[in-house]
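The chain below stands alone, shown as structure tokens; this is the form predicted alone.
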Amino acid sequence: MDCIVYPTSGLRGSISLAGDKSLSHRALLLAAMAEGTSKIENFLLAGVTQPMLNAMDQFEVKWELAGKTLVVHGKGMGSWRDAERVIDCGNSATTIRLLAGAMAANHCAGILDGSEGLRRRPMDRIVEPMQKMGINIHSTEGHAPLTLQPTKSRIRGIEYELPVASAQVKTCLILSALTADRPSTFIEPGPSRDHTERMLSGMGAQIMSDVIEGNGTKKFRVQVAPLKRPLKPISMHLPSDISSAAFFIVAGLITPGSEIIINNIGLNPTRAGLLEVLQKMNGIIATENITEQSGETMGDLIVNSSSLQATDVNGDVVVRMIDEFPILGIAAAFAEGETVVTQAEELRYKESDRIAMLCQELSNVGVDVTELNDGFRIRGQRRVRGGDVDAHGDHRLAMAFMVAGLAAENPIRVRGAEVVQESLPEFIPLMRSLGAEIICME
């Protein structure tokens, strides 16, 4: 599907988004590991979460979804049956990595696989530490498919230092450690998102997080004790996804005459890096009606069109906005001055090589951009010429360039725009409700 986005004079209105993708994955999975019935409201049903739901059927975990309310009937740890068929994780690295840890903790067997894009993602990041824990897991030359068999003895608790900060890897190992023979410690070089720790703590698990300082550096430590009693079920209304809200935030900032309200957005500090960077760029973003539920902070965002200024992005903030760099690239193109992103090499291992593809397509619409080994340099001139781009099978690239079309000098045509269904099926209708002119053709 091709979508053409036309320049608009302003976006106005109030919108509500579906539940946070990361929280939807975790709430479903942890509810399936709990003992009792969980109720999860504002669950995200999209291409990235459907494979996790499908997997529950293979493990004989019962669930019902009515609208956006998901009910999961957990039987407790060790109750899952072996998967008789290959579990198709689609294009979701979160699904394959988190399921691997949950399957290990439940001592069940199965094969995890997915799309060609998923098969390119590195899996030894979870396989090697899981094998150190005595878990019988094997990859295919460092990639999917992954094969798990029940361990012959109890999982070993270990201390392990992750080479890169990754919430997916950390969560996989935390889940594996829940049924280990002793406490485990996992150390990261940066502050990855902590939804798993917050949710598990609320369910009765013993998890402690702290920061280790020494030699001028900080490391982030999580200590996990084996479960002494069953996990308690979940009752939670999920906040909306800040990674999805990012596209509407930047749309409001770069489109002249805009004022939009985005309701009930998750404001977990380990996910709020983009907000900090945009506000540093003189973005006018206000937060109201802040509340907290199940350890997660949420609130409404009010966004007004702004004259953005360039900035540098590096250090700890990179991992706290790792999914938002495509849309940051659009903001930087409409800013005044040179924005430089470094220490973001992890972007090369997402749904696409996001550094290469972002730079290629920015250049195609007239942006002065230079690709770096670990990031990019954008010389913003507060203008984008417009033209044709390709989504490269990456939902975030597709949405980012559709946002760019709202404020470009000429329309932007996005080829392969149907990929937005992966994470935000309502993206185009919501943009239209705010005043965007988007024409799509099969």
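One rule holds for the numbers: they count along the sequence shown, beginning at 1. Small disclaimer: the values here were computed from a predicted structure and weren't measured.
Below, we turn to the form predicted together with ligand S3P, even though it does not appear here.
- Taking the partner from the other structure, ligand S3P in the model of the complex has a heavy atom within 4.5 Å of a heavy atom of residue 167.
- The closest heavy atom approach of residue 322 to ligand S3P in the model of the complex falls within 4.5 Å.
- Although the partner is absent here, residue 423 sits far enough away that none of its heavy atoms falls within 4.5 Å of ligand S3P in the model of the complex.
- Although the partner is absent here, residue 198 lies well away from ligand S3P in the model of the complex, with no heavy atom inside 4.5 Å.
- The contact with ligand S3P in the model of the complex, taken as any heavy atom within 4.5 Å, belongs to 94 out of 255, 264, 94, 139.
- Only one listed stretch (212-220, 70-78, 294-302, 167-175) carries heavy atoms within 4.5 Å of ligand S3P in the model of the complex, and that stretch is 167-175.
- For the partner-free chain shown, nothing in 247-272 comes within 4.5 angstroms of ligand S3P in the model of the complex, judged by any non-hydrogen atom.
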